[in-house]
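Before any questions on binding or motion, here is one chain by itself as structure tokens, the form predicted alone.
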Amino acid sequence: MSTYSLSETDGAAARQVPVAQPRARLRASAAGFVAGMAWIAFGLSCLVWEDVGDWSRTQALGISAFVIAAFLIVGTLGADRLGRLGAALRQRAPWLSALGLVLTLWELATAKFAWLPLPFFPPPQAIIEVYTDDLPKLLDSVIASVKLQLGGYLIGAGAGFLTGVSIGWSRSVGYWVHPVLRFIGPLPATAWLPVAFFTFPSSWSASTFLIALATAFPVTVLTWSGVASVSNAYYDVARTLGAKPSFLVTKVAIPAALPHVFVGLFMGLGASFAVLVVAEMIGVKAGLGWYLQWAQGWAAYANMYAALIVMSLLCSGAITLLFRARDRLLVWQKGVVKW
């Protein structure tokens, strides 16, 4: 009797699977169709009404919206043949629908009916003009920011990692360094701006120091916590097998502390980006922070929004790369924390 019940249950489940898959595909295709219609509405909003101001990229933006709409509709309908790209389109179809609707409302409220005042709220095509007309200056700012951010972050991460391992492993080092860390670490890195720009020979080196300082504190604290939390049983087993102190540090303490280290690296990355913008606004003559200040001074808010979008993409991309490195090094924790 129990065998018959299991067989009947399995048969019902087997009959439900083929039915569920077409329904899921139908819902995904419908979501892709809705996303395509949202982008068609955005294209129509660009081309049907006349612009209130003089925006040279309106027609190109409308045509691009129609191309994106066609790609979304065709891509979601044929997602099975597109592999990962098709699956990604189906998964992000609701967000793409919302994006199309937001762009439509943005276009109508700015370029068509001027419900939002200029220059504080430029239309979408004004930001496209920034990427086409002011691209050289924006790229120079991006390159300068990446150089400054990367240099300061690597210095701060390296110094914080070595300091954290030293404090977590050696009590004598912790005795001398811990009070200094408690005194300097909680202070915002931007509070050291006057001292840094007076002490260092150039604004570039001062900004690098501030970024490194903002990165080093969370990396130090989390690395120290990771090394200190390693179980003594690991050390006892390694010593029983004849391990030397250098082996205990490099092969036992550091690998066991890596999950904490990456948490510190994530926190340091966010802090370093905040300091980067402030430092570039005050002392550096190039970079995205300088570009933001320049755009605000000339009331070029389209340039400011364009720079903010680029800055957001850079920060998100850096965090994504850090997550990729974490998943590669910490294979046993892959997928535990997602970005």
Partner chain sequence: MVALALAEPAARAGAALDIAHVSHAFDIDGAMLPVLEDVNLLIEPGEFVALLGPSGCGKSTLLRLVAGLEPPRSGALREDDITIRGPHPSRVVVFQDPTLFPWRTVWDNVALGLEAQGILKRHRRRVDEAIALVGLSAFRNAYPHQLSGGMAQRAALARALVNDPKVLVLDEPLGKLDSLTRITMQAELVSLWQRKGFTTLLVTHDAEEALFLAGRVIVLSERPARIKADIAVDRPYPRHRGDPYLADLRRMILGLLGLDATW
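Values in this document were obtained by computation on a predicted structure and should not be read as measured data. Positions refer to the first chain, counted from 1.
Keep in mind that the form predicted together with the partner chain is missing from the display, and what follows is about it.
Of the heavy atoms in Gly242, some are within 4.5 Å of the partner chain in the predicted complex. Interface membership of Ala159, defined by any non-hydrogen atom within 4.5 Å of the partner chain in the predicted complex, is ruled out. Proximity of Tyr234 to the partner chain in the predicted complex falls within the 4.5 Å heavy atom cutoff. The partner chain is not drawn, but in the predicted complex it has a heavy atom within 4.5 Å of Phe247. With the partner chain omitted here, the record of contacts in the predicted complex names 250-258 of 119-127, 89-97, 250-258, 72-80, defined by a heavy atom within 4.5 Å.
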